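Let's start with one chain on its own, the form predicted alone, as structure tokens.
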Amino acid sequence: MKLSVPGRATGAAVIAVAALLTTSAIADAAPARVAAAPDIPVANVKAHLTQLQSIATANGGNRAHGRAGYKASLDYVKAKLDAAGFTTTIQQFTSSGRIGYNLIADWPGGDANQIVMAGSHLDSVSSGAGINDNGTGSAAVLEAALAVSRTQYQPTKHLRFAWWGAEELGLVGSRHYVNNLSAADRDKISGYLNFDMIGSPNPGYFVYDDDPAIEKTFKDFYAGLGVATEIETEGDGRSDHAPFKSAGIPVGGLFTGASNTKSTAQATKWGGTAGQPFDRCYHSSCDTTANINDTALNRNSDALAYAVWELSE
């Protein structure tokens, strides 16, 4: 919205208005008490989604496990991370007779005995491109990692980012990763943050309640925006945090809803349409770049970065 300033306003008044606007913009972007975490440009996140959509379109309409679209998605993410200075590792596994891949990216530095991880599943179902499920989480995690590189962030703890394969077949990739960690390596992970479906078109703002400290971190961010949250229940045990939690690793994350229906109370609180699913295109061919709520994607991408910075200090 453009602010109209009367022509006879003094220079001091104009400066005061400008300062007020600047302060307001900063307050809208993130909680004022945190200066370290950068704003994640939603345009950058959406550019990654456009690329994932193009990959799906060129490969039979999906990015599913064992299909060419999945490998092309992994190659796209890996190239971005390699160029940004991450150390990347591809972990291979087999599921349903097809080869799958996890992608792990480590940011050099930080205490290797205290690792903060952020991850998302990169595969789609075979029936569609999977842009909300889970291009949104994958793109936001990628852009947060690239922000670490842009800012040359040097946290106290070690940062690791991950993109999981074959989540849609039963958390196969993330379980393979956790099961192949030694007990000592599991103990080094101080927290795993999961991002699955964070741009639903009729969104809710759901926070995992598995670990109090991580839960509080996300709630603090949203309190700073004046946005109410609810505890996430629809996806309990159904996404890649579950293997980490089973291994005794603290977990948390964000979610905007899938096939569950938004209530009247939730629509009053968050906007959107009561009586309709949070994502009417869940696991369907219409889960394309048109199936995204930009505001939810923007807020959750910023919340992701906030948590990564806050928990790795």
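Keep in mind that what you see is a predicted model, and the values were worked out from it rather than measured. Residue numbers here begin at 1 and follow the sequence given.
A second form of this protein, the form predicted together with a small molecule, is not displayed here; the remarks below concern that form.
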query	finding
In the predicted bound form, the residue from 208, 107, 153, 93 that sits within 4.5 Å of the small molecule by heavy atoms	208
In the predicted bound form, the residue from 278, 255, 244, 70 that sits within 4.5 Å of the small molecule by heavy atoms	255
Heavy atom contact within 4.5 Å of the small molecule in the predicted bound form, the stretch among 279-287, 41-49, 261-269, 61-69	279-287
Touches the small molecule in the predicted bound form: residue 215 (any heavy atom, 4.5 Å)	no
4.5 Å heavy atom contact, residue 235 to the small molecule in the predicted bound form	yes
Non-hydrogen atom contact residue 167 with the small molecule in the predicted bound form at 4.5 angstroms	yes
In the predicted bound form, residue 143 touching the small molecule (heavy atom, 4.5 Å)	no
